[in-house]
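Take a look at this single chain in C-alpha cells; it is the form predicted alone.
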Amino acid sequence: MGNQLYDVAIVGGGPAGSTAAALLGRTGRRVVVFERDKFPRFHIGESLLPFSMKAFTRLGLHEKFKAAGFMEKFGGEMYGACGEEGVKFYFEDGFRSQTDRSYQVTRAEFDKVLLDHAAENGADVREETAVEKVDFSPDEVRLHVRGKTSGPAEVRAKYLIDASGRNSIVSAMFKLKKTYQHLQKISIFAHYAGVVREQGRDGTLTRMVRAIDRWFWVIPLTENRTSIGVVLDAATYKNAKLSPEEFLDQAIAEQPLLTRRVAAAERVTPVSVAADFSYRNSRIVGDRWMLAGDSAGFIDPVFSSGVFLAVLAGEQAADALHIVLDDPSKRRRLFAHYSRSINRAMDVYLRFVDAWYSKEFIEVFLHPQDRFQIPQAVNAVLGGNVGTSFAIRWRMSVFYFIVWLQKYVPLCPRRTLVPQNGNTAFIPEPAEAIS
C-alpha cells in the first residue's frame, strides 16, 4: 500500500466520503478510504431530504435502501408547543418539486450501505484505520495512517478529500474552524418502540414541536421504532443538573403533543447526548485538498440538513476531482466553484436556522397564506432546494421579511410556545398574514 500512488485519498467513510468514493471508484479512479471506526456504528441524523434522491439514483442505491427496509418519507409537520394546531407539508407540494419522497433511516445501517457500496464500486475501503498526520507537497499528499491490525503506514495520493467530520484533520492543521456562538446547542435523544403514529403517509412524517426555549423531533424509523430528541442551548441543559435520562423524560413529559404519543411506548436505546456546536471552516479547499460534509461545517440539526449537505459535497467533490485528474489546469476554477457552491448551501441553511430560533418563524409558519407561492418556496428549501433559482430566492426573501416584521406588527396570531395542558394557547391578534 505504501508504494501505490492513489488518485484520491478520502478520510472518513460517512455519507460525504462514501458518496465521493463510490462516484470516483466507478470511473476507474484509484481511491482509498480510511475510516477509523468499524461499520455499522451509531450516528445521529436520521431524516433525509428529497433533494438527495437524484444523487441516490445516480449512485444506484434505491434498491439497496429498499432491501435495508428504510422507510419512505413524504414530508414533515410543525407544531407550536402551546396548542394542537400544526401544519403538515408534503414534498410533492414544494415549489417546482421534482420528487415526492425521501427516506427515514437508522444511520448505522444507512452509513454501512453507503460505505459497502463504495467498496463495491472500486474504492479501497480500510476500516479501523486512523489518519494520524497529513503532509502536503506541490505534487502529492502523504498520509500517515495506523490500522488496528496492520500498524503504521504511509500512503500517497494526488488529492485528499477530508470527510472526517467535526474533528477534521485538515481544519485542525490550518486552524480553520470558526464557531457560531449564538448556536451552541445540544441534543438529547433516544429510540422508542410503540410510539403512536397516524395512518398512511402521515405516519412517515417528521414531527417538529417548537417550544419557547427548545424544539423536539419525532422521526419514525421503522414500523415500530421512533427517534425522539430535544435540542436546546447547551447552557440550559448544563444548568438543569439532570442526567440525560432524567432530562429527556422530563422534557417529553412537559409536552402534551408528545406525551399522548409515548404514553404506552418503551425506550429501547440508551439516551444519547450530542453537542451540536455549530461551526464553519474559513476555507474548504486548498491546492491538494477539499473538505466535505461536517468537515466543511455544521449548521444545526434542525431541518435535517446534515446528510443532505454531506451527500451534496461528496458528489460535487468527486465530479470536480474527476475532471481535475485529467486536466490539472482546471483545478483552480473547479475548486473555487465547489467552495462557492457548498458555502452557498450552508448560507441558505444558516439563514433558515437563524429564523427558526426566533418565535416569529413558527408564528408565521403556522398561519400560512397561499400568496405568491411563498409556502411552496419554504417547502422547497425544507426539502433541500438550495440552488440559485431567482424564483425561490425572492420568495424566501419575502418570507424572511414577514418573519422580521412579525416581531413588530402582529401579522399572524401571537403564540406563547408554552404548553398549557394540551390546550391551544395563543394571543389572538387576528391581523391577516401575508405569507
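Numbering starts at 1 and runs along the sequence shown. All values reported here derive from a predicted model rather than from experimental measurement.
Absent from the display: the form predicted together with a small molecule. The rest refers to it.
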Every residue of 37, 47 and 107 near the small molecule in the model of the complex, heavy atom within 4.5 Å | yes
Among 307, 364, 123, 321, which has any heavy atom within 4.5 Å of the small molecule in the model of the complex?
-> 307
What is the one choice in 165, 220, 75, 256 with a heavy atom within 4.5 Å of the small molecule in the model of the complex?
-> 165
Of these, 281-289, 82-90, 298-306, 240-248, which stretch puts a heavy atom within 4.5 angstroms of the small molecule in the model of the complex?
-> 298-306
Looking at the partner-bound form in the model of the complex, is residue 16 within 4.5 Å of the small molecule by any heavy atom?
-> yes
Interface membership of residue 294, the small molecule in the model of the complex, 4.5 Å heavy atom rule = yes
According to a 4.5 angstroms non-hydrogen atom cut-off, is residue 11 in contact with the small molecule in the model of the complex?
-> yes
Is residue 265 one of the residues lying within 4.5 Å of the small molecule in the model of the complex, judged by heavy atom distances?
-> no
